[in-house]
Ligand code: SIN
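As structure tokens, one chain now follows by itself in the form predicted alone.
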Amino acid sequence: MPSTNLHDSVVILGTGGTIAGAAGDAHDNVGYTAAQRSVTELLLALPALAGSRIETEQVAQLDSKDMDDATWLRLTQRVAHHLARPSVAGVVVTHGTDTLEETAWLLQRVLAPLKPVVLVAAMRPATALAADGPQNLLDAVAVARTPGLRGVLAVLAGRVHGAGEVRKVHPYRADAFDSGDGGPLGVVEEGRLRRFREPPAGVPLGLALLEGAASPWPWVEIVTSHAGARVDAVRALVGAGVRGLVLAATGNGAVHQALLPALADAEAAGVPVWRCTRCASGVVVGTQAGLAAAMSPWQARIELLLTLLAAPPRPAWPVDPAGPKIALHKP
């Protein structure tokens, strides 16, 4: 039944992704083109929401593998705009699955919203025989209307994940997302959210951080420690002007010895190096732990990017390959 509450309007912001994708054959779940249908068209496939207080806005139309700084800025601005409206209970963002966890963390850290911001996606295109997008979108709207809920969330396959924990863990299955050791925050059952635990509170960095940033944003790259690792990639990145490095280390934060001199040189040149694990779940513990210990490499990259945006500009110092060797910083 459509709601009569004047303060539970939901705004759905479209950005594209598989949920808006289309294939020429309804049996084809992989050979599709993402971002082919507007968010308004997606809503038309949900007669259960007919008459509900829902607004739609197309912020972007792209495959989320191609997410960029300009789209992130625009999306964050539009989310903040609608959250500030008293009549809006929550915001839903249709998104691709590939970079959903990165967008979720960016929105959480910049806005830390006191209303729900729900990212929703699909693993199958809108044209599939068993498309998962319509149910996911229906669930997302229900979560966005849940009284007292806050923070950036992701809703997929009936599970509700927090922005700091959500991970894409499978390339194909409909239940491709996971929340690691802590598990999901809750589940959606017949249009109602059953909560297991509350999303953690956060302090917003503020939209001005992004709006005041020069374009392009600081260049932060991810480097992986692996068998046979070589220093060349690290030295090339620093030489090319990278502003920050995230090291996806093996196991509990271990780093191949061949990388250590170049990483130390990078830090000596003013390029921060943050370390986290390349493992799909779990956190770095013990002496290897630091600021990025509980983050995925993709989250850590966002966090370091935001840290650099908040820091005063620094001069670009040349890197001397024979320069000082310092202990690898563990943020």
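No experiment lies behind these values; they were computed from the predicted model shown. All residue numbers are counted from 1 along the displayed sequence.
Keep in mind the form predicted together with succinic acid (SIN) is missing from the figure; the text below concerns it.
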Where does succinic acid (SIN) sit in the predicted bound form: which of 60-68, 283-291, 268-276, 42-50, heavy atoms within 4.5 Å? 60-68
Of the residues M123, L137, V246, V238, which one places a heavy atom within 4.5 Å of succinic acid (SIN) in the predicted bound form? M123
Just to be sure I understand the contacts: of R145, R150, H82, K168, which is the one whose heavy atoms reach within 4.5 angstroms of succinic acid (SIN) in the predicted bound form? K168
Contact of D98 with succinic acid (SIN) in the predicted bound form (heavy atom, 4.5 Å): yes
Contact with succinic acid (SIN) in the predicted bound form for Y32, defined as at least one heavy atom pair within 4.5 Å: yes or no? yes
From first to last in sequence, which residues of 12-26 have any non-hydrogen atom within 4.5 angstroms of succinic acid (SIN) in the predicted bound form? G17, T18
